[in-house]
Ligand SMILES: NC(=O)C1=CN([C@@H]2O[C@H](COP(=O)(O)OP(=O)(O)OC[C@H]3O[C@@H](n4cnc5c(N)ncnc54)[C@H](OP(=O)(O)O)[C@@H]3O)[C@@H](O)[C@H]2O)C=CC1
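Just the one chain here, the form predicted alone, laid out as structure tokens.
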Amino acid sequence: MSMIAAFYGGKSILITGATGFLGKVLMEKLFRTSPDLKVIYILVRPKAGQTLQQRVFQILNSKLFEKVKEVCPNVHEKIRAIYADLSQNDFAISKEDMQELLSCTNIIFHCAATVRFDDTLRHAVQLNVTATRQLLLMASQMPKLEAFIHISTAYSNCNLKHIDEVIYPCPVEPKKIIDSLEWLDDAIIEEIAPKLIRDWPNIYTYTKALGEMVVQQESRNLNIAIIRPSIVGATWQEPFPGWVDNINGPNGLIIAAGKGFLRALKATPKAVADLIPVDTVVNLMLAVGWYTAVHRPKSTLVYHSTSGNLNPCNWHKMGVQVLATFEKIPLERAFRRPYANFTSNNFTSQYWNAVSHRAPAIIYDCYLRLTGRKPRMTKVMNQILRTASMLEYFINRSWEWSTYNTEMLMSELSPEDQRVFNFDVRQLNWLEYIENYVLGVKKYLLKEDMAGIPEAKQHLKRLRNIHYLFNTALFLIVWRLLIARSQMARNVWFFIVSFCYKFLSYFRASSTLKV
């Protein structure tokens, strides 16, 4: 029997960020493996036109929870949605709800965060730093609390090349930043933000590093652990392969490439694409929760959930498999196709990259107008290029993450727990995973019929032809301008034409002699 599954039986669990991608998969796994758990508290902010109960119903009614309903038919009774706003003091939780949380909670999984790379410093600090601090204060008042699991990111210290499973200090104390934001106006905050984040690439990674410092400083006597996943992708095995429900991270690029909108991307082909399946992260989270509560380590342990050091896959290999899956051709042929280098660093000029993508989009929009349809390609392409620009830092670099604590935990699990809560990424077959990932994007995210693949291939062919046609025309125009303005270009052109004429003449003469 699984010790981890048995541990969560009868427990009251608080999950922040439960309506997000990671939070949903975490809830699904908990209910499926420990259906006799007592309750899962989720902090929810109602959306426009939806009550808390309607949001919970929407989550449980998704494809993700189909297996859960078989093993836990009363799952809706075990979710307790509590109104909360993480940007407010005490999360704006009512006194009655707060009292219930403080008196009943056994385990906390803190998954909530803003993952926007271009978020404002004020908002990111509020959600990733201040909210963590407030949750730790709540946790210190929970007499039944056994473990507090904080979800960070492997890129919280991406300003370093080699990253160990330790908490690194930041140049500025989190408390000083929190206090400063209370009296500074937005204009000043945005002006000083670049100076604060220094060599971090964006606000997200910087504030997650601050959040880790807060965990270290405010932990008091709590049993705390930190998990740092890298790029969280679609499910690998559980509850079924390829499930994904958002366009964050690489998902948007997969859609853009698969639809033919993105033909080239400035990246380092051999850089490691440190993708980690979401179910692998969840399995590690549940194992860490069990280990932290049962073994009570003397210090806060950090666990890396990464793939690059144990089972690396580079961006070139991933890109080829993505497009091969969309076009449904054998992989060995895919590496010989023109798009095999769509992730290579061929387009070193940002100007050329932008023109070669936006101009075909404008042409396609003209085609849509002529056929009486709404033009949309230029807007879509602008969004894609913006996303690609924000990801450029991460797809041009590789990092080394140590995994001593993660491997230690793996050795502590029984064979049954290693099977049920598998987070050993060395067993991952990348080609199979990426194919399931792409098909999952098409099926679960885009909600497209798999029978439509032949039509999709024709769509890809049309966009590819437009792309090639535009690039050819642009080359001829540039070359013509060079010939008109440069004597050297005219000399080169004359040499090429003369050489081709002589070669054809020689070929014709040889053919005549043979006859």
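Residues carry their position along the shown sequence, with the first being 1. Bear in mind the structure is a predicted one, so any value in this text is a computation, not a measurement.
Not pictured, yet referred to below: the form predicted in complex with the named molecule.
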Query raised in the report: If you check Thr130, Thr325, Ser230, Asn405 against the named molecule in the predicted bound form, which one has a heavy atom within 4.5 Å?
Result: Ser230
Query raised in the report: Though the named molecule is not shown, can you say which of Ala84, Ile203, Ile79, Leu284 has a heavy atom within 4.5 Å of it in the predicted bound form?
Result: Ala84
Query raised in the report: Counting only heavy atoms and a 4.5 Å cutoff, which of 291 to 299, 172 to 180, 204 to 212, 71 to 79 contacts the named molecule in the predicted bound form?
Result: 204 to 212
Requested in this report: Please run the contact check for Ile13 against the named molecule in the predicted bound form: heavy atoms, 4.5 angstroms, yes or no?
Outcome: no
Requested in this report: Look up in the predicted bound form whether Asn311 has a non-hydrogen atom within 4.5 angstroms of the named molecule, and give yes or no.
Outcome: no
Report task. Would you please decide whether Lys47 lies within 4.5 angstroms of the named molecule in the predicted bound form, comparing each non-hydrogen atom pair? Result -> yes
**Report entry** the named molecule contact in the predicted bound form: Arg55, any heavy atom under 4.5 Å
**Finding:** yes
Query raised in the report: Which residues from 152 to 190 come close to the named molecule in the predicted bound form, meaning a heavy atom within 4.5 Å?
Result: Ser152, Thr153
